[in-house]
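Taking the form predicted alone, here's one chain by itself in structure tokens.
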């Protein structure tokens, strides 16, 4: 362990590690962009990273040092790969090779400098060793989680913009042909709305989601206020057992609900969904709101009561305006659940005119419907809720934190 803490060993391991990471990311990205299958040779990639780290270790300061790192790393990668960096030959694929050489050299040099910045020569103290090790782990974490989040969405989006012929000729080519024209690129989306009635699916999903939010708030606001503020027998037991419904899996409930709804005539109606969805969202919404209500100053409500307001007026005029951030959080959370719900929609809806987006996308999953239409449907279902989440993400984090602390 003591040998690992020497700056030379740490520099070498950091360089080799980031040489592998940068080369792997570059190979995956260029394969998706060009359709040409690339591979990583661990020896050449590691040697490239090692050389960049070595240059920085002995010559740290200045842009010349950075340029030397990039040139040496790229040159060793090209040389050890036999003039075919990551499998792209210089003569056969000059554009791809040039991009690989430039990006590998620059990114490797940049990352190595960031990880090794401030490292003295000689044996490192335990604190310095852990600091530089954590830097590399944090950087790798960013790369890893960015890749697993963005890669599926990128493949989904690019597939939806391609034609059936291009998908059949090269399934690994996820580049965009901008010369094909707007109508050709978005043909899958146009056909979804013109032929497969996705506009109706979109409206149905919006209606069910908005109504679910309204019904959930209608029940959970007075319920959460009662649990947070009023004193009655069984209050603590109710507060602690709110989330017990989540101990029962939805797949266990769907069969008896299917039988009951069939007898009551609620199957194949939006009313059936509007009974089931709030039943699943009210408990967690109530739990989140009661935590937020407990954090509000009780003295404000007492002042309102002393001024002659009744309990409902106190809730409407004092408590709810103060709880708007939590209300926005709960609304967004419930909206996302209702928008993405699939199981109950799949079991209860058979009429195409009543389909929600998740149910409509499943109807596209057949051999008669091209794969790009399925991906286009997934993009249409993802973008609205993604935009809403990014817009309200700050409130969502604050509301969850407040409810979690006080609940």
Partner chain sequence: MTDAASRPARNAKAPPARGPLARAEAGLARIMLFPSVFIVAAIVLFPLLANFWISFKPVTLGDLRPPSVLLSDRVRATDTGFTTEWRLRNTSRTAAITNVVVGARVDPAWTLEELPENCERTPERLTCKLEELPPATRIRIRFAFAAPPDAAEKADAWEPTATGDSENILTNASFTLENFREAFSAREFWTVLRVTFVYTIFGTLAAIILGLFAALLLDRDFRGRGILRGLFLFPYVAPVIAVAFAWVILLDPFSGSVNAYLKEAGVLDGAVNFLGTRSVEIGLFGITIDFPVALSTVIAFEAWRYFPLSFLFILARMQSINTEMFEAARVDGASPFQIFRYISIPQLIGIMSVLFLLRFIWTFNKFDDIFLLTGGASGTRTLVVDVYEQAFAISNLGAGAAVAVVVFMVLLTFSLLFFRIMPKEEL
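All figures in this text were calculated on a predicted structure; none of them were measured in a lab. Numbering follows the first chain given and starts at 1.
The same protein also has a form predicted together with the partner chain, omitted here; what follows describes it.
Q: Could you tell me which one of 265, 120, 92, 249 places a heavy atom within 4.5 Å of the partner chain in the predicted bound form?
A: Selected option: 249.
Q: So the partner chain isn't shown here. In the predicted bound form, which residue out of 47, 374, 70, 349 has a non-hydrogen atom within 4.5 Å of it?
A: None of the others qualify; the residue that does is 374.
Q: Among 206 to 214, 74 to 82, 185 to 193, 172 to 180, which stretch sits within 4.5 Å of the partner chain in the predicted bound form, heavy atoms only?
A: This holds for exactly one stretch, 172 to 180.
Q: Should residue 378 be counted as a contact of the partner chain in the predicted bound form, where contact means heavy atoms within 4.5 Å?
A: Yes, residue 378 sits close enough to the partner chain in the predicted bound form that at least one of its heavy atoms falls within 4.5 Å.
Q: Looking in the predicted bound form, any heavy atom of residue 152 within 4.5 Å of the partner chain?
A: Flag for residue 152 set to yes.
Q: With a cut-off of 4.5 Å between heavy atoms, is residue 386 one of the residues that contacts the partner chain in the predicted bound form?
A: Residue 386: yes, in contact with the partner chain in the predicted bound form.
Q: Is residue 282 near the partner chain? Define near as a heavy atom within 4.5 Å, in the predicted bound form.
A: Yes, residue 282 is a contact residue.
Q: Judged by heavy atoms and a 4.5 Å cut-off, are 127, 276 and 342 together in contact with the partner chain in the predicted bound form?
A: Yes, because 127, 276 and 342 each have a heavy atom that approaches the partner chain to within 4.5 Å in the predicted bound form.
Q: Within 4.5 Å of the partner chain in the predicted bound form, counting any non-hydrogen atom, which residues from 211 to 231 show up?
A: 219, 220, 222, 223, 225, 226, 227, 229, 230, 231, in sequence order.
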